[in-house]
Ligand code: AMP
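Take a look at this single chain in structure tokens; it is the form predicted on its own.
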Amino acid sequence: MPLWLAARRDSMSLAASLVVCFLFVVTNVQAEWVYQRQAIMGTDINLSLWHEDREKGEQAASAVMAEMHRIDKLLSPYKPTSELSILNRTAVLEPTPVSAELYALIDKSLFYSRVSEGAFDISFASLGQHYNYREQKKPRAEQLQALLPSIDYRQIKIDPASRSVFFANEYLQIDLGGIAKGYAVDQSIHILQDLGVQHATVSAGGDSRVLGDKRGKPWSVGIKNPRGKDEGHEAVALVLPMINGAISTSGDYERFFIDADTGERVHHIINPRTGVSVGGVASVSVLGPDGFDTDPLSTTVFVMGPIRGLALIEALPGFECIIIDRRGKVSYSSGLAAPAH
């Protein structure tokens, strides 16, 4: 069993899809526990850490939030001054040099595009930018037909020598929303480690990472049922014990609307081959050492579906996965499957 998953193995019979949420349950509040929560990167950033020096703990928490703001300014497609936005404007014209950080994110994204044969594709933004979930709008049929050829990771050309990026399609755009938050929680954990923190959790929406244990016992990572409520609160469907690891969840409930004409659920996880929301799967949770991998993998498996998705996870050492389809059927990777009776 991987190190990030504690020895206890829970029975995992779920009836619906999942999303990660940390269970911040404190019985005796101690001065050395530090908590912070801020809205950054379009989601809630939650932090819990232990430090023997309260002041240093607060400083460490502030450093994490500053890092989250920095990454948001770097990668947000909604900020015209972000490096990502500038790249989207210039890479269609000529090869554009980028920072080592942005290059690494694009390089990793293209790796998962190749591994998944295009199931993970950051160029989905070529069409995805025309979805507006708050206003319940989706691309027109003619837009979809015209822009679908622009969703093709093979048209993203990177050059390691010049550390440049070029889009070989004038309509191509990229969005790193499928990897940025996982990267951000990793960076936050690295900062905490450098500052001497040994026990912490950091979450950014559906992407979370734990550092160490909860002072002698595993962290309890709750996976909630997004279709269910428990006395007005999000219902927790499963609790996993974790030590030193990451977990990312992709679900069809995060950003969505119900199409008034068809009754279909239109959500933000786009099938790169069709340009429309992936059907059939409701939720995917991937566990592994780093958010830099679990984040893109959760999207990848969601698009690939249970059979192909689980096959991919089984071929990648150190990762586990839970998939829930829209009928409520649960599929597990081998390291999480309940023992046979």
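From a predicted model like this one, the values you see are computed outputs, not experimental measurements. One rule holds for the numbers: they count along the sequence shown, beginning at 1.
There is also a form predicted in complex with adenosine monophosphate (AMP); it is not shown, and the following applies to it.
Novice: Looking at 308-316, 292-300, 63-71, 32-40, which stretch has residues with any non-hydrogen atom within 4.5 Å of adenosine monophosphate (AMP) in the model of the complex?
Specialist: Flagged stretch: 292-300.
Novice: Decide if the three candidate residues 50, 56 and 210 all line adenosine monophosphate (AMP) in the model of the complex, where lining means a heavy atom within 4.5 Å.
Specialist: Contact check failed for every one of 50, 56 and 210.
Novice: Please pick, from 95, 218, 222, 177, the one residue with any non-hydrogen atom lying within 4.5 angstroms of adenosine monophosphate (AMP) in the model of the complex.
Specialist: Result of the distance check: 177.
Novice: Name the residue from 270, 240, 75, 189 that puts a heavy atom within 4.5 Å of adenosine monophosphate (AMP) in the model of the complex.
Specialist: Residue within 4.5 Å of the partner: 270.
Novice: Within a 4.5 Å heavy atom cut-off, is residue 108 in contact with adenosine monophosphate (AMP) in the model of the complex?
Specialist: The answer is no: residue 108 has no heavy atom within 4.5 Å of adenosine monophosphate (AMP).
Novice: Considering non-hydrogen atoms and a 4.5 Å limit, does adenosine monophosphate (AMP) approach residue 255 in the model of the complex?
Specialist: Residue 255 belongs to the contact set for adenosine monophosphate (AMP).
Novice: Even though the partner isn't displayed, in the model of the complex is residue 131 close enough to adenosine monophosphate (AMP), meaning a heavy atom within 4.5 Å?
Specialist: The answer is no: residue 131 has no heavy atom within 4.5 Å of adenosine monophosphate (AMP).
Novice: Is there a heavy atom of residue 120 no more than 4.5 Å from a heavy atom of adenosine monophosphate (AMP) in the model of the complex?
Specialist: Yes.
Novice: Using the arrangement in the model of the complex, list in sequence order the residues of 133-166 with any heavy atom within 4.5 angstroms of adenosine monophosphate (AMP).
Specialist: Result: empty, none.
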